[in-house]
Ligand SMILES: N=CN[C@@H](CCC(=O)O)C(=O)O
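Here you get one chain, nothing else, as structure tokens; it is the form predicted alone.
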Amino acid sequence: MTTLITNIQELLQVRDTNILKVSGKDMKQLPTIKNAYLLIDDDTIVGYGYMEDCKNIEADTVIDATGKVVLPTWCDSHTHIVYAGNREQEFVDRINGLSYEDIANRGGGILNSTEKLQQTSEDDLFEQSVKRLKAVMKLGTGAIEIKSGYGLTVEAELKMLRVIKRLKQDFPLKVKATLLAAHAVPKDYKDNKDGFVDLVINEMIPKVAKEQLATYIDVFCEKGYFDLNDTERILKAGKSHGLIPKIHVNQFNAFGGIEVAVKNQALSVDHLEELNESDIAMLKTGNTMPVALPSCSYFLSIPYTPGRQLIDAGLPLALASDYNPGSTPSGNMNFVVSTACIKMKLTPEEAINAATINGAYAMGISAMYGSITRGKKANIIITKAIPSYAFLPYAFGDNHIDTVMINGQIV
């Protein structure tokens, strides 16, 4: 089954030679072809170029994209979309003056979601998650990482990861799973954090590895949650079972988590709302991808990741949604890209690079996703008729997507 898209106003993120990520000043460069065509064979990109060279190309399906922009689907490398229920009351509490920490200290936050999830059956949890996954696919997400972390018991964490596995099997988009058991200290271990860390290391990680339920191991490294020693212990235990490290770090405090991440060859460090010069210097010594979550900053009214500073220092940057019930109840990557431009002062080129090729790198999948490259998966967005690609982040309140294709099939 071949599909030919013709008369494309502008084809974005065209990489003749596959690259895995873009960094620093290169993020300002977004290679494009104007008045272009794109040829897809089954689930693979096989050709592209200028319309004047699109002669004698036959295809089973032809799509006319006159006036439209075509780009790779968003690669959302940080979500928690497998959760039960919602936390809209906490949203009201924050409006009335309570902080994220205040809510957590009185039993809200992550522990609120944990209680709901533990009481929810696997099938119910799956059905709730399916609705969210379908919604983000229609909004242009073609690859997604989903983290556990609302179970906090062996049984409930495994339940979450089995739901993620079912989503991976039932839907065409690329799904990567992460064990984030160290998301919060559960009530039963309130005065025995070390005991919970031992549970994660000695029971959860081996069982997850045995069932091959996750690719990554993650920790919420933050004051009041898991300290540097806890983080290092968990990451090393994960690595010993073949799990690749990632870290939630520097969301509220900068106290050395970046160094732990880089020394343990973490694939990504996510949040980074609080950042200092030594953190930036440390990131420059490794290959760890900084990941910003601007819609989380928007929702919680906390500082934005200093993405401009990271890029100007020569580093790469990825953007992700952080879709979760407490701090970002949205997986709309179009809004993420807009917010990065509006609040973090990224250029449209930088933001699109961050949400495509660099997002793919943060999931370890940029060899096959994140750019328009021959041999890569045909995961693409066709916009509605728009003046230019800068219009995507500019007109942030509207949905500019006309068609989403994943593995060469229209969603």
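Worth saying up front: this structure is predicted, and the values here are computed from it rather than measured. The first residue of the sequence shown is number 1, and the count goes up from there.
What comes next is about the form predicted in complex with the named molecule, which is not displayed.
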Check for me whether the named molecule, as it appears in the predicted complex, comes within 4.5 angstroms of all of 74, 174 and 370 - heavy atoms only.
no
Spell out, yes or no, whether the shortest heavy atom distance between residue 157 and the named molecule in the predicted complex is within 4.5 Å.
no
Residue contact check: residue 250 to the named molecule in the predicted complex, 4.5 Å heavy atom:
no
4.5 Å heavy atom contact, residue 100 to the named molecule in the predicted complex:
yes
Non-hydrogen atom contact residue 324 with the named molecule in the predicted complex at 4.5 angstroms
yes
Answer range among 163-171, 234-242, 75-83, 334-342 for contact with the named molecule, defined in the predicted complex as heavy atoms within 4.5 Å
75-83
Name the residue from 310, 318, 117, 296 that puts a heavy atom within 4.5 Å of the named molecule in the predicted complex.
296
Of 126, 220, 216, 196, the only residue with a heavy atom within 4.5 Å of the named molecule in the predicted complex is 220
Within 4.5 Å of the named molecule in the predicted complex, counting any non-hydrogen atom, which residues from 82-121 show up?
87, 100, 110
